[in-house]
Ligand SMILES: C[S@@+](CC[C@H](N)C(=O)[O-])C[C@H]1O[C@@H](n2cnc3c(N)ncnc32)[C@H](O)[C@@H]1O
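There is one chain below, alone, in structure tokens, taken in the form predicted on its own.
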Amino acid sequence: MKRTMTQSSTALSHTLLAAANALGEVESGRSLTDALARLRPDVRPGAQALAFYAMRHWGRASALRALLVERAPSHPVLLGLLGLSLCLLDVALQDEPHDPDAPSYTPHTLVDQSVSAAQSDRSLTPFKGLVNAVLRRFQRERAALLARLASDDAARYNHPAWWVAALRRDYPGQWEQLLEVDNAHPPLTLRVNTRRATRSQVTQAFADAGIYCADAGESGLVVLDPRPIASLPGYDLGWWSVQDAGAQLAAPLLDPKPGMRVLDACAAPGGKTAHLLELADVELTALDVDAQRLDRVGQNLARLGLMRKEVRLVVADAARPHAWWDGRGFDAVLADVPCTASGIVRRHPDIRWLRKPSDVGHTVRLQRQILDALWSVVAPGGKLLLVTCSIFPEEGEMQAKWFLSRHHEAVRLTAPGQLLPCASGPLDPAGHDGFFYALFSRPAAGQAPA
């Protein structure tokens, strides 16, 4: 039997409109995360759930919208509302939804409240008849419309066609699995701050609150029944941070030791910065070009009890060391360089719709500028770790090979290389995101390159 939501009609129309506004921001090329942050707190949780679900099915929803509205008005919120309503109505018309995370309403409720949402917004009121007509036509012609999308890769896999083609080319035996993982709901994975708590202590505190976890990696936990972050035990005490299991590999690869000079060159949001400081009493400089994001890094470090005089937060461009470097080499440099973020799509489902094919080449050029600059600040005997949250080889293995061809003295050390996102694996019982890791060392003074 189809499960139905108990949300009141009035509340549903408000939630639909709020989610449509956020989706309209994505249609205009802006971040869903930023759009949701601007919503009223009382509607944000519900709107976020709907918007995230829609983004994971936006290829199909957009293709249906294009079939049903040949000349759609250039109104981003209207496009967001139509896409969202079609996405939810598609689920409502199934005998049994295959996706357990799918919001579920009756078809009548969805059509009625989508029209009400349009009517409640002055700029959408002229289009309420269009919304009603589109949804009722989809109810009548769903099977025939879906049949017309059978050969549409974007509709079938809910990724842009160029993205599907790229994965099919680069991962001929895994591309469909990678697309499937992207569309799955991600786990809530934490990293225990071993300066303040043990993993068993955190696990017990969660169990006492009726929340159960599974171990992941060296110091991670997967929360099996996710809750709002700030409501989890130990948040205010700084016992843990939210960090994907794949990202938890970065700091240990640099093997920080007490007294080392360490640079986190693209630090925000600060999860890897904190991990470095949890592992050893290092002298750490955290750079980021965005002052607001760097301020949040400082807030997180303060919550975790990791801010001390040996930690410097510097607003600066990593590619321009003359503006921030004091001339003393760093023993370890973490270069978590900007990328397309193609490896974290299950966590940020709007990314796939915001990216363009040309973005890959742009990030590759930017990464090379940053890596060239950062290699110059690595001390003799020091290490540089290249990290990207991407699965595109141009931003991973190809970039590592370019680096070695340009810096002949660099020695490549053991590191995971390309870590593909997966639904379950040795790092994390609930899966992990996609990352690339390459570790390089600069020979010590008087030592010939290997």
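Because the structure is a prediction, the values reported are computed rather than measured. Note that residue numbering follows the sequence shown and begins at 1.
Unshown form predicted together with the ligand; subsequent notes refer to it.
Exactly one of the stretches 152-160, 314-322, 214-222, 170-178 approaches the ligand in the predicted bound form with heavy atoms within 4.5 Å, and it is 314-322. For the residues Asp99, Asp281, Asp290, Glu141, the 4.5 Å heavy atom test against the ligand in the predicted bound form is passed only by Asp290. Proximity to the ligand in the predicted bound form, defined as a heavy atom within 4.5 Å, holds among Leu124, Val377, Ile370, Leu253 only for Ile370.
Taking the partner from elsewhere, Asp331 is found to have every heavy atom lying beyond 4.5 Å of the ligand in the predicted bound form. Taking the partner from the other structure, the ligand in the predicted bound form has a heavy atom within 4.5 Å of a heavy atom of Lys272. The closest non-hydrogen atom of Gly298 lies beyond 4.5 Å of the ligand in the predicted bound form.
A residue is said to contact a partner when one of its heavy atoms sits within 4.5 Å of a partner heavy atom; Val134 fails this definition for the ligand in the predicted bound form, lying far away. Shown here without the ligand, the chain has Asp336, Val337, Pro338 in 334-368 lying with a heavy atom within 4.5 Å of that partner in the predicted bound form.
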